[in-house]
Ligand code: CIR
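Next up is one chain by itself, shown in structure tokens, the form predicted on its own.
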């Protein structure tokens, strides 16, 4: 597939107080803005037209826009984020997506779903069952996807916040995966690029139009992906890592 557009949201000043389990200290807001700007420039370099949503101080985590929607050619699916403080982020996202989609679906309570738990691999979607995404939310998503000719299945998580914290689909039947996912039965048909434990953060990488965005500072993973035949683009996302965020979290790509 080919992506042509992306949506991002500028970090707000309250971003430094966002949800986190990382234990890496508070983000540097000024540095986060610089890293976000470079991220946007890189998306544009990959051929994407980027829509930038204004910051909102009411939602410290709203820069992680991926969690608010699942986008397929046929429709936009608005999620119902698992963290209570993030649920209303979807209101602004839905308004923006109406400019791109005439058909919009929605996950509703008691179902919860974070976009970071949803990995598209061709016409199939893997959905991680996590603290943020429950079975009801996953079942709603699978039902919607089936209506448009796609399939979906669930994956259990143990050690990561979101599914895509530990596994990424790079097209051409390749998966980048941490140890938690490399041996899973549901991924046995894929060529696995296994990430070392000490570089597990780098598993959250992003394929965009023949490039793979990788986090800076993880040379073994970068080389592994390049050896498989991909062109990599390295980005420093240190300030977003402090809030459990990664490269995929920062955009909606479609």
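Remember, predicted model here, so these are calculated numbers, not experimental data. Positions refer to the first chain, counted from 1.
Not on display, but discussed next: the form predicted together with this ligand.
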Query raised in the report: Is there a heavy atom of residue 249 no more than 4.5 Å from a heavy atom of this ligand in the predicted bound form?
Result: yes
Query raised in the report: Closest heavy atom of residue 12 to this ligand in the predicted bound form, within 4.5 Å or not?
Result: no
Report task. Although this ligand is absent from this view, report whether residue 177 comes within 4.5 Å of it in the predicted bound form, heavy atoms only. Result -> no
Query - Contact of residue 239 with this ligand in the predicted bound form (heavy atom, 4.5 Å) - result: no
Query - Candidate from 19, 22, 233, 16 lying within 4.5 Å of this ligand in the predicted bound form - any heavy atom - result: 19
**Report entry** Which of 140-148, 119-127, 158-166, 90-98 sits within 4.5 Å of this ligand in the predicted bound form, heavy atom basis
**Finding:** 158-166
Report summary line: Contacts from 61-84 to this ligand in the predicted bound form (any heavy atom within 4.5 Å), listed N to C, are 61, 64, 66, 67
